[in-house]
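Shown below, as structure tokens, is a lone chain in the form predicted alone; questions about how it binds or moves come after it.
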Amino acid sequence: MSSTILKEADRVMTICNACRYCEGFCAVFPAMELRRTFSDEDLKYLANLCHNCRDCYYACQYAPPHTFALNVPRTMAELRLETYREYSWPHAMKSFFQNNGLLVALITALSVVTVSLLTLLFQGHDVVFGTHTGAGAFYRVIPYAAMVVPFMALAIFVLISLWKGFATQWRTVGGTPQELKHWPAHRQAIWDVLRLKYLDGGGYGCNYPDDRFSMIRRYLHHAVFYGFMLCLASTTVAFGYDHLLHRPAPYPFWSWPVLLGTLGGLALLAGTGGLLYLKRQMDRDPAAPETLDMDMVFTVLLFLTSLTGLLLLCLRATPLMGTLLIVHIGFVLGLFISMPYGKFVHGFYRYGALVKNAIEQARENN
């Protein structure tokens, strides 16, 4: 990891710890105040605890153009990106976080092209562009084994990669196996995640996209988070329908898989679309340039995945179904492949930081 970034983070936190003007904005500053000096472990922990609400940047009397030139959000974002590289598993994949936006875009495009070519090669033009209805219609375009087996194998790899990264983070920030079993801390962290507590800027919202307080970023993140969870629930229920009840897709609109997926897809569209708009309007000074492309491409990929899924639902009884299914599966494949090596990992590492924060605050209050 770059010593330059760690030195800058140490400088910033040392000055902030002497000032403490921003202590009410988020979890970073109360956690900072428990320390007099900052080890590398501390700085990596605080960087992932930061939710990038930016309130401290606009409130800071030492922000540019002051001689101290404190820029907490940018410094924390740069250090977070370094931790993503450090925690990645297999470690050889850390280079994926270099030019991440371009890499994820290329992986997704290649996934769509590969699924398209293989389907056309093995199924033929007539099948892809034909009209298919009734139970098992999707499998007449992409066979069951070709759709399920690769994704199951990829899902296992993704889960292992994310768990390995989380375990590395926990050791790196000084967490112990016993602390990881501190269930009250997990309950508190989960509650903080479900509320997105630290996107409220102490009750007034983020300074995003500019220096005015607003809750819009928090609400849009809620839409993305719960939209994603609803889509995951839809897929899980559909898996149960298919394998336990022997009812293959597609399902009627008023079935649980479709209702959950529709609500989740609409929430994802609204959330990602709104975040993309805010990112275009935002003040770039508190942002880390290296993370912008990664953030944008991940958000676009979620948007396109939800959009193609909803279009597939609406047009599944038409000749466009085969094309939309191929494109949607391609986007989902790109999303799966890039999950352990892109913006998606921030949720796991932030959760780890929230668990550590809950443990520290519980000790402080006892």
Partner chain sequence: MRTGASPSVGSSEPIDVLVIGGGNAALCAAMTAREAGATVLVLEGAPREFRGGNSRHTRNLRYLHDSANAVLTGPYKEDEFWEDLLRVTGGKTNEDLARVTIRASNNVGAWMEQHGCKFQPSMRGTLHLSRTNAFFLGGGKALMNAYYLTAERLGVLIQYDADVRDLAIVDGHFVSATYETAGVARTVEARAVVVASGGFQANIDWLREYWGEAADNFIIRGTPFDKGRMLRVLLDNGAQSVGDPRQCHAVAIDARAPKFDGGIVTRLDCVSFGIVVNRDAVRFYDEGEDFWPKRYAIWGRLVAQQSDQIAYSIIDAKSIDLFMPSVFPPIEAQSIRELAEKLELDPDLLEKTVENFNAATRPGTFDAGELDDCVTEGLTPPKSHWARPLDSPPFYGYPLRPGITFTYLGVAVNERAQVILQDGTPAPNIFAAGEIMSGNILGQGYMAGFGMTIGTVFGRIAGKEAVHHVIDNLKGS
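Since the structure is predicted, the reported quantities are computational estimates derived from the model, not experimental observations. Numbering follows the first chain given and starts at 1.
This next part talks about the form predicted in complex with its partner chain, which is not shown.
Enquirer: Where does its partner chain sit in the model of the complex: which of 301-309, 337-345, 32-40, 322-330, heavy atoms within 4.5 Å?
Expert: Careful reading of the contacts points to 32-40.
Enquirer: Would you check, heavy atoms only and a 4.5 Å threshold, whether C60 touches its partner chain in the model of the complex?
Expert: Taking the distances in the model of the complex, the answer for C60 is yes, it comes within 4.5 Å of its partner chain.
Enquirer: Even though its partner chain is not shown here, does F213 get within 4.5 Å of it in the model of the complex, heavy atoms only?
Expert: Contact check for F213: yes, within 4.5 Å of its partner chain in the model of the complex.
Enquirer: I'd like to check something about Y349: if you look in the model of the complex, is any of its heavy atoms closer than or equal to 4.5 Å to a heavy atom of its partner chain?
Expert: Because no heavy atom of Y349 falls inside 4.5 Å of its partner chain in the model of the complex, the answer is no.
Enquirer: Should G130 be classed as touching its partner chain in the model of the complex when contacts are defined as heavy atoms within 4.5 Å?
Expert: Outside the cut-off, so no.
Enquirer: Of the options W256, F225, Y204, W89, which one has a non-hydrogen atom that comes within 4.5 Å of its partner chain in the model of the complex?
Expert: Only one listed residue qualifies here, and that residue is Y204.
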